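Read on for two forms of one protein chain; each stands alone as C-alpha cells, with the labels structure 1 and structure 2.
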Structure 1
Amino acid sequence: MDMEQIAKQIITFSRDNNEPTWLTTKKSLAWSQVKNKLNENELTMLTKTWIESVKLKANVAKQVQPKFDLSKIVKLDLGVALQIYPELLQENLMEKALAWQADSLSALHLALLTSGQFVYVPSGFRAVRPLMINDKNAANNYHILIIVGAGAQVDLVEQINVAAQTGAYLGTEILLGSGAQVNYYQVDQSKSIQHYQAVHAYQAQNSNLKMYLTLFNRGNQNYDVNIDLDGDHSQATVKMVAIADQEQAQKVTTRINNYGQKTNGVIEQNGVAKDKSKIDFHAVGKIFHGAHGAQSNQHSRLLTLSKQSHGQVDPVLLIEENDVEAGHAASIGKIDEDQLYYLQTRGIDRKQAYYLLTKGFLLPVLNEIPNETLKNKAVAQLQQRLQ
C-alpha cells in the first residue's frame, strides 16, 4: 500500500469536508508518526478499513452557517462543530485527555478520523434529565469530544453501536471544568471482530467524575480508561462490568493519575469469563510527586465459569509522595460452591443458580444506569450472554 498516496487522501478528505487548516496539519503529522512503523503485512483489517473510509467525501459541514452560542448545551456532529467552534476544538480535540501523540494507535485514529460527535455543557448548567449521546450505526473509527464547563452538573449516557464486523476504534474524551459534577454511563455495543476503545478524562480542581462502564462487546477487545486528576480536590470513580464468552479475549486497562493535592481516585472492576474466554484486568493508580493528601484505591474481581476460561488481575500502585493513602485488592475465582448448594436446597437448579449468582456479581453497576430502557436492555443482554 502506497503510504504517500494515503497521506494525499487524508489531505483531500480534509479539504473536501472544509476542515480547518490546523486539523489538516495535525492529521498529516499524526500519519507521519505512524507511517514509518507500518508495512503491508502490518496493515491489519482495522487499518485498511479506516483508510477506505478516508477515501469517502462526507461533505457534512459544507453549508454550515456559524452560530457562536455556547450559553446552551451544544450537541453536534463533529464535522459541523469543527466549522462552528474551530478555536474551541483546536485547543481540546485530542490534546488534553486523549492525546494523539501518546501512541501509534491514537495517532492513527486521528489521522484517519472521519466522523464523531461534539458535546458542550456550559458553565453552571444543571441538567434535570440525562443527556443522551447516541449513534445507531457509527463508523468504525469514531470520536466523541465532551466538554463540561465549570460548576455544571450533568448525567451523560453514551450509547454508540458499531455495526460493522470489521475492526473498530471508538475514542471518547471528557474534559471537566472547575467544580463540574458528571455521572457518565456507557452502554456501547460493537460487533467488530477486533474492538479498540479508549475513554480518557481530564479534570480541573474540585470536579467529580463517576464512570459506569459496561463491556458487553462481542469481539476481541482492548479497552483503555485513563483519568488525569489535574486539579486539587478533584475526584474520580470508575465502576466497570465486563463479560466474555466463547473464545473472546478482553484486555482492560484502567488508570487514574493523581496530579493535584487531595485528589481521590477509585477503580472497581468486576468481570465474568465463561466458555474458553479470557479477561485481563490491569488497574493502575499513580500518585505523582507533590500530590499531598491524595488517595488511590482499587478493587478488581474476576469470576471464571468453566475450566477453560481464565484471566489475569494485575493491580499496580505507583507512589511518588509520602503523605497519601493507597490500597488495592484483587481476586480470581469460581462461584462459591456453598452458595450454589444453598440455592439448590431451595429448589433452584444448578444452571439457574449459576446465573443468579453471576448476575448478582455484576448487577450493582447496571442498576446505576439512569435510563430505565437502557438499564433493562443491558440486563437483558447480560442474561443472554450468561445462558
Structure 2
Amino acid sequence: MDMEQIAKQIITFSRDNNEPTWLTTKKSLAWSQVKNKLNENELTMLTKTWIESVKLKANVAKQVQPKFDLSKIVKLDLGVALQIYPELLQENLMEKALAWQADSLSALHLALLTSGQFVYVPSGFRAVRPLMINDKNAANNYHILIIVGAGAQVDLVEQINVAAQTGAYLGTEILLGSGAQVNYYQVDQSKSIQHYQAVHAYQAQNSNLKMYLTLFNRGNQNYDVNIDLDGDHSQATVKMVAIADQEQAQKVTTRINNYGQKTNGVIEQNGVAKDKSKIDFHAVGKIFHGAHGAQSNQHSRLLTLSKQSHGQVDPVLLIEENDVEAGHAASIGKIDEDQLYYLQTRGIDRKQAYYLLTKGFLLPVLNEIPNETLKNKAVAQLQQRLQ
C-alpha cells in the first residue's frame, strides 16, 4: 500500500463529497499521525477495503438538499449531515466521547471514514417508539454519532452489520445532555473476521444511560466500551451478553469513568464460551479525584462450556476519592452438573439441556431490558445465535 497515494485519496474523497474543510484537514492530520505508528497488519485491516468503499460512496453525498431543522429527530447519513450541520459536527464528531486523538486506531478510523450515520434528538423530546439505527450492509469503517439533547428521553436500537468478511472498525458515540435519559440496545451480528467495535458515551449532569450490548457476532473481536460520567449525578449501567464459539476470540473492555460528584456506574458482563473459543472480560471502574459520593460497581461472569474453551475475567477498580462506594464480583465456571442432571431426568437430552442452561445463564440479563419490543428482539436474537 502506497502511503502517499492514500494521503492524496483521503483529500480527494473529502472534497468530492463536499465535506467541510475542517474535516478534510482533520482527516489528513489523523492520517499523518498514524501512518508510521501502526504496524502493517493494523493498517491493512482497514485500508484494504477502503479503496472499494471510496468508489461506492463517491456520489452519495452530492445529492443533498440542505434543510436545516433541529426541532425534530434527525437521522441522516453522516456525509449528508456533515453538509447540513457542519458546526454541530465539527464540535462533536470524534471530539467528546470517542476522541480521534485518544489512540492510533481511532485516528485511523477518522482518517479513513467514508460512511456512517448521524442521530439528533432535540432537547425535551420524548420519543414514544424506539428509534432504529440500522444498516445491513455497512462499510467496514463506519461511524455513528448520536446526540441526545437536555431532558430528552429515547430508546435507541443499533443494528449495524458488516457483511463483508474483512476487518472492520465500527465506532459509536453517544452524547447525553443534562437530564437526558437513554436506553441503548446494540446487537452485533457482524460477519467481519477481525472486528473492532467502540461504543463510547459522554454524559452531562443528571443524565441516565442504560446500555444493553449483545455480542452475537462470529468473528474475532475487540470490543471497547467507555463511558465518561462527567456531570454530577449522572449514571450509567452497562449490561452485556457475549457468546463465542468455534475458534472465536472476544476481548471485551468496559470502562466507566466517574468524574462528577455522586455519579453512579454499573458494569455487568456475562459471557458464554463454547468449543475452542475464548472470552476475555476486562472491567474498569475509575473514580477520579473530586468525584465525591461516587459509586462504581461491576459484575463479570463467564461460563465455559467445553474443556477447550477458556477466558479470563479481570475486574479493576481505580479509586482516587475517599467518600465513595465501589465493589466488584467475578466468576468463571462450568455448567452445573446437578442442573444438567435434573433436566436430563425429565427426558431432555444433553445437548438440549446445555442449550437451555446456556440460554438460562444469559436470559435474566436480557429480561431486564425495559422496553418490551427490544426485549423480545434480544431474546429472539439470542436463540438464533445459540442454535
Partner chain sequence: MTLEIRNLHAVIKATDQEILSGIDLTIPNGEIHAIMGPNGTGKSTLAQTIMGYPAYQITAGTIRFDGQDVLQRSVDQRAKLGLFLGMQYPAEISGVNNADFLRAAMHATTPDNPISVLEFMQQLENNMNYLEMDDEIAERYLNVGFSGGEKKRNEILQMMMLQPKLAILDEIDSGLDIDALKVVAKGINHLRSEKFSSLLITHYERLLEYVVPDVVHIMVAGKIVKSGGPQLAQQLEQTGYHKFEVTREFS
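Note that the structure is a prediction, hence the values are computed from the model and not measured. Counting starts at 1 and follows the sequence of structure 1. Between two forms, the rigid core is the largest collection of C-alphas that superpose within 1.5 Å.
Between the two isolated copies of the chain, the second is the form predicted in complex with its partner chain. Relative to the superposed core, Asn367 undergoes a C-alpha shift of no less than 2 Å between the two structures. Asn376 shows a C-alpha shift of 2 Å or greater between the two structures [criterion: core-superposed Cα displacement of 2 Å].
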